[in-house]
Ligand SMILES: N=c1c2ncn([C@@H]3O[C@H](COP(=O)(O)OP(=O)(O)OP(=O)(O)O)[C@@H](O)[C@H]3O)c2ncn1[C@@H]1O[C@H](COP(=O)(O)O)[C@@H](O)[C@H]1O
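As structure tokens, one chain now follows by itself in the form predicted alone.
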Amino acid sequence: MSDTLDRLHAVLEQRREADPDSSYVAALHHRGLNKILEKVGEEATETLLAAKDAEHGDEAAQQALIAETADLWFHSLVMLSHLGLDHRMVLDELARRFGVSGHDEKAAREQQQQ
């Protein structure tokens, strides 16, 4: 999976500076962070709705959820790229959480925010 993310990261970085008329990613970057965030929100909503359909749905409903999740991840990666952040930072954060109780991790975050 990391190889796929690395390859996608390279393409996103390349297209970040491309002609907005010839690249969807470049067009998103050109329109700015608010447009990218709008797309992330839209894809998140579509993913939630697809998950509800997939809960008791058939294979097609499950595949629709996979497709919507891919769209959500893609647009999240565009958001990170726009902000100059690397997807590996997210993977590192997930790796850091291995072996840590979700309840303990959440409590630690809440303490840091105080």
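Nothing here was measured: the structure is a model prediction, and the numbers come from that model. The first residue of the shown sequence is 1; numbering continues from there.
One more form of this protein exists, namely the form predicted together with the ligand; it is left out here, but the text below deals with it.
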Which residue, R88, K35, H30, H82, is the contact with the ligand in the model of the complex, using a 4.5 Å heavy atom cutoff? K35
D53 near the ligand in the model of the complex, any heavy atom under 4.5 Å? no
Would you please decide whether L8 lies within 4.5 angstroms of the ligand in the model of the complex, comparing each non-hydrogen atom pair? yes
So which residues in 52-75, when you check the ligand in the model of the complex, have a heavy atom no farther than 4.5 Å from it? D71, F74, H75
